[in-house]
Each structure stands twice: as structure tokens, then as C-alpha cells.
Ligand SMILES: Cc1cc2nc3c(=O)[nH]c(=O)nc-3n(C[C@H](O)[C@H](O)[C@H](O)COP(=O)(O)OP(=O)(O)OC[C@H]3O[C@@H](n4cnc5c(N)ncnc54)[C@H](O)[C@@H]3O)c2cc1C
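Below, in C-alpha cells: the form predicted on its own, a single chain.
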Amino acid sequence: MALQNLKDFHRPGAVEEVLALLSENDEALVLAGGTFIRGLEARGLLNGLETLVDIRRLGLDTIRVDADGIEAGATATLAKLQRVVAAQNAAWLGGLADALDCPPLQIRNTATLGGCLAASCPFFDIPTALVALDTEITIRGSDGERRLPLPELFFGLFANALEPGELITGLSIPHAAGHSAGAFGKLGAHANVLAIVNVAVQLTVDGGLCSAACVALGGGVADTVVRSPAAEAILTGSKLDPAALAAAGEAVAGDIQPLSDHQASAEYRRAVAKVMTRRTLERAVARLA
């Protein structure tokens, strides 16, 4: 039976109430969209769970766009962010727009940004796209508020760096500098499943050369979303010609530690990651034109 040990369900109306509940029970699970609860349970990660804390009444569902970038609350849905990103029609948000197209409509309308990140599932698409955009998250706890670069949240497979009693309240996507474009690619058995491999890239050019590059990979290439410093080093300062893109694709193999599971072997993921990185870079370069 799903969540058979559940005893308490809370739906507080203020962040302070949530923090008080979490401080009283560090085994409580924060509920937002709830789209991955079954996935967590199927993996044995909710054994003994007794308390759910629903945070959908906290007013954390707003999204604001200004010259500095995008500020989104933790309970904003993927669908809401998708509408905001589409309205910007900006090449620098191309990778995020690609990734937001991947989840089925039912998931987009329900899943929240905070829940998507806090789950720390390396097979999700949105975290990979957000890592490529230098996203930071805002965390609230009894000692106040702190900001954390998104990669530092991911502690391990389905494990995050939140301290007991802490809650993700929002995220910030900084506006990309200069002439920038991004792209995202995913390989899955079909569109509605978790990724076998996914890749998000962000490129900035100045004077015909790449002045900044980010290559992020997920989908089981490690137990968290990772960046590829080797690929980024090859791209930075290059003309982003086919040789550079191919070399960057090959280079990611040294920065990943793929998992083997029911979807794919580690060897397959390593081979696919190289090809997908090159192809995703090609799409980003096309958007720079």
C-alpha cells in the first residue's frame, strides 16, 4: 500500500509554520506537486514516512522577469515557467525551453520547480537545463536564508544538501551576458520517461570566439547532474567550429561516471553522452547565428 505508515498531513499557510514542522520532525516529507512520490516509494526511499507537509498554500508560485534574469518561487509549476520562457523568445533560454517541452502535459501542470530540484533525481531534465544557466536556489531555515549554486544542492543519488529543517523557497536564473544561446537534448526510450542521458549547453560568443561555455549532463551519467570542465575548456576561446564541437563531445567522457541500470549500461551512456553533447552544441551554435 502506498505510504502505508502515513500518520500526519499538514497544509500550513506560512513558511514559518513549515519550518516549525520540519524542525519537530526531520523525517517529514515536503509535498509540492507530488508527481514523484510514487517514484521515491518504488525505490524504497519513503519507508517509514509518517508525515507529509503540503507547501502549496505558501504563495511561493510567483515568477518575475527583469533585467537581471528570472526569479521563480519554489511552488511555481513547470507549465508556468514554460509560459514565461516562451514569452521571452530569447536564444539564451533555448536550452530551458527545450527541456520544458520534455515532460508530458500532466506533469508540467502539476510538478513544481522546488520539488523537481529537491528530489535530486539525476534522471530529471529540468535540473540539467538549470545547471547550465548558472541557477542559484534560495533556502530558508530556522537560522535565516541562504543562497546556494544549484550544483551544490545535489549531494548524491536522491540526496540533497539541505540541512534538517530547511526548505527551498525559490530559484534565480541570471540573465546571460552578451550574445548567448543554449540548447538541451535528451535520449529516452520515449518522450515521457526518465532520461537515459541528457545534455544542456550554454554558449557565449564575443568577436567570433566563444568567451564562455557551460556543458551540463544528467540522465545517469553520474549520481548527480555534472558539468564537464574538459569540454568547457575546449570550447572557451574557440571559434565553435565542427572540430571544436567534436572535441568537446569526446572530452565529456572523462568527466562522467555513468550508472548501469535497467535502461542502459554505463558503457552505452558514456558513448551516447559524447554524441549527444556534440549534437546539442551544434543546436546552440545554430541559435547563435
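Start at 1 and count along the sequence shown; that's the residue number. It should be emphasised that the depicted structure is a prediction, and the values quoted were computed from it without experimental measurement.
Separately, the form predicted together with this ligand exists; it is not shown, and the next lines address it.
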Exercise for the section: Determine which one of 125-133, 174-182, 214-222, 199-207 lies within 4.5 Å of this ligand in the predicted bound form, judging by heavy atom distances; exactly one does. Expected result: 125-133
Handout entry: Touches this ligand in the predicted bound form: G94 (any heavy atom, 4.5 Å)
Key = no
Exercise for the section: Spell out, yes or no, whether the shortest heavy atom distance between A72 and this ligand in the predicted bound form is within 4.5 Å. Expected result: no
Exercise for the section: Give a yes/no on whether G33 approaches this ligand to within 4.5 Å in the predicted bound form, heavy atoms considered. Expected result: yes
Practice task
Please check if A118 has a heavy atom lying within 4.5 Å of any heavy atom of this ligand in the predicted bound form.
Solution key: yes
Problem - Heavy atom distance at most 4.5 Å to this ligand in the predicted bound form, all of I55, C102 and L167 - result: yes
Practice task
Name the residue from A264, L245, I37, A251 that puts a heavy atom within 4.5 Å of this ligand in the predicted bound form.
Solution key: I37
Fill in the blank from the handout: Answer key: of L29, V226, I234, L240, within 4.5 Å of this ligand in the predicted bound form (heavy atoms) is L29
